[in-house]
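Before any questions on binding or motion, here is one chain by itself as structure tokens, the form predicted alone.
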Amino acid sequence: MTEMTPKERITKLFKKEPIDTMPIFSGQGMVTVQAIEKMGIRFAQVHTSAKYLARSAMVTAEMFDFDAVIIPYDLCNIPEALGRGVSLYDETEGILYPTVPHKWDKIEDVQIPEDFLTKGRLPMIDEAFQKLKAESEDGKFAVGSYVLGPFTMAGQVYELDLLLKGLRKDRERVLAFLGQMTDLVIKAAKHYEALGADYISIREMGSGSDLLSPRMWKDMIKPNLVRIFETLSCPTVNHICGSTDLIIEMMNECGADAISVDHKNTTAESRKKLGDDVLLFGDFDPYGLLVQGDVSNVEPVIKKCIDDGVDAVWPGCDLWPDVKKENVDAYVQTIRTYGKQASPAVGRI
């Protein structure tokens, strides 16, 4: 049997075609301090340099035998391009992700520049993306990206508690604002698609049913996600953090190629609800397992994900960069060992 390249493995996975083994990848950031230290730079520097952003993703993947690289790492690049500014903490020695310092006070103040994709650090991220694509032309790695979902993006530029309060007082205006955010997400996602993304994750992270009721999710979140996934032609993932047991079937109706859940989801039950033909990714706590946990806990947790019926073991959020190397090695080795067996939706060659 000829071993597939990482890109082939992931491409065929999304097509639900037989593969040699389960790929190791994510729709969230996967940069590690081990890669940063090997490069001799500070973590803060990766957010402002195309060279460092691309190289840190590549070195991490090479170091840990991942099948994909994914950028960017921070959630602030689009709000920054919209004029909200960014706090980069660029003199900090430790791990601090950029944050948005200024949100709009009123929905009616929100302005989306027509050329926002040319603003802030977005051109730098484009350059890093192009570097990664050039380095992976031989299929060395799949190159992925993500965009926040409309509701989560709204929370980056406007306070979510005000948004939710507004639903009771001025529902139509709030829904129109989320439609505006949906247009922005579509434009950004199609941009990454045009750059050659091998897959795109839409991260509607803040919309789990521990925050929104299933009825609110159906009325406020689902229609916008349907519209996003209808516009994209590259492989797509619908990712939601938090509790998703009550909305998993509606997530599947949004039209993405795969669904990604975190450790608060009951994956075995979700697999029963969805059947065996749906691509399901998940579902471990990356901070608890790879940063805080003992290495002896890694194999049973990752194996349970596989036993519960995922088609790819995904962390429920970004890998916190300060992972323990031995834990990540065990995570990778467990997937390489047990991932040779067919998953519910994807066979093996």
Partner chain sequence: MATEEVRQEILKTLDEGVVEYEEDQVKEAAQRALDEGVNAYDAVMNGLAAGMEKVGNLYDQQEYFVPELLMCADALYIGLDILKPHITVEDLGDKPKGQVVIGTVQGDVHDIGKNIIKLMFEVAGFTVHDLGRDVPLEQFVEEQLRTDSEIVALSAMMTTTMMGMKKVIEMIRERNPNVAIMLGGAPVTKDTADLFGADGYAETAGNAVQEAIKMISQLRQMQA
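In this text the structure is predicted, and so the values were computed from the model without any measurement. Positions refer to the first chain, counted from 1.
Absent from the display: the form predicted together with its partner chain. The rest refers to it.
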Listed range touching its partner chain, judged in the predicted complex by heavy atoms within 4.5 Å, from 108-116, 162-170, 191-199, 132-140: 162-170
Contact check for 73, 84 and 229 against its partner chain in the predicted complex, heavy atom at 4.5 Å: no
Answer option from 211, 250, 268, 175, heavy atom within 4.5 Å of its partner chain in the predicted complex: 211
Distance check, residue 99 to its partner chain in the predicted complex, heavy atom within 4.5 Å: yes
Residue 103, heavy atom within 4.5 angstroms of its partner chain in the predicted complex: yes
Distance check, residue 320 to its partner chain in the predicted complex, heavy atom within 4.5 Å: yes
